[in-house]
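Here we start with a single chain on its own, the form predicted on its own, put down as structure tokens.
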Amino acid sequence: MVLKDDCIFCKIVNKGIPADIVKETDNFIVIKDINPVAPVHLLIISKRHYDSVLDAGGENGLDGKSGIFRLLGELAEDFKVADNGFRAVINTKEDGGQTVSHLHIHFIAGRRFGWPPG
């Protein structure tokens, strides 16, 4: 596993910073967001450090083998939002709203969302 010493999410993955962990797989750790925007707001954090989704492909990446879609379905069932739906968001780089340079996915549910977002 490749991690960075100065990355807050890498520290969470290493259990060096406490977080409310709700699920863990080989490739991801899922925590409750500390600033939720909905009744259910989770962060799915890659256990391997990638600055953004743009870096997660290729030979050492998550393409096709991470189980992310299975994990999203499991979270929808676990949090009883599969029937009404949820939003999965990957903010990428500054203009995309990314504030932590470590690949993570927001799993947001429990209320109706509009379009376009923000």
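For every residue, the number given is its place in the sequence shown, counted from 1. The shown structure was predicted, so the numbers you read here are calculated from the model rather than taken from an experiment.
There is another form of this protein, the form predicted in complex with a small molecule, and it is not shown here; the text below is about that form.
Novice: If we define contact as a non-hydrogen atom of the residue within 4.5 angstroms of the partner, is H106 a contact of the small molecule in the model of the complex?
Specialist: Yes, contact at 4.5 Å.
Novice: Does the small molecule come within 4.5 Å of any heavy atom of H41 in the model of the complex?
Specialist: Yes, contact at 4.5 Å.
Novice: Any of the heavy atoms of D55 lying within 4.5 Å of the small molecule in the model of the complex?
Specialist: No, D55 stays farther than 4.5 Å from the small molecule in the model of the complex.
Novice: Test of understanding: in the model of the complex, would L3 fall inside 4.5 Å of the small molecule by heavy atoms?
Specialist: Judged by the heavy-atom cut-off of 4.5 Å, L3 is well away from the small molecule in the model of the complex.
Novice: Please determine whether each residue of V22, I29 and G110 possesses a non-hydrogen atom within 4.5 angstroms of the small molecule in the model of the complex.
Specialist: Negative, none of the three is within 4.5 Å.
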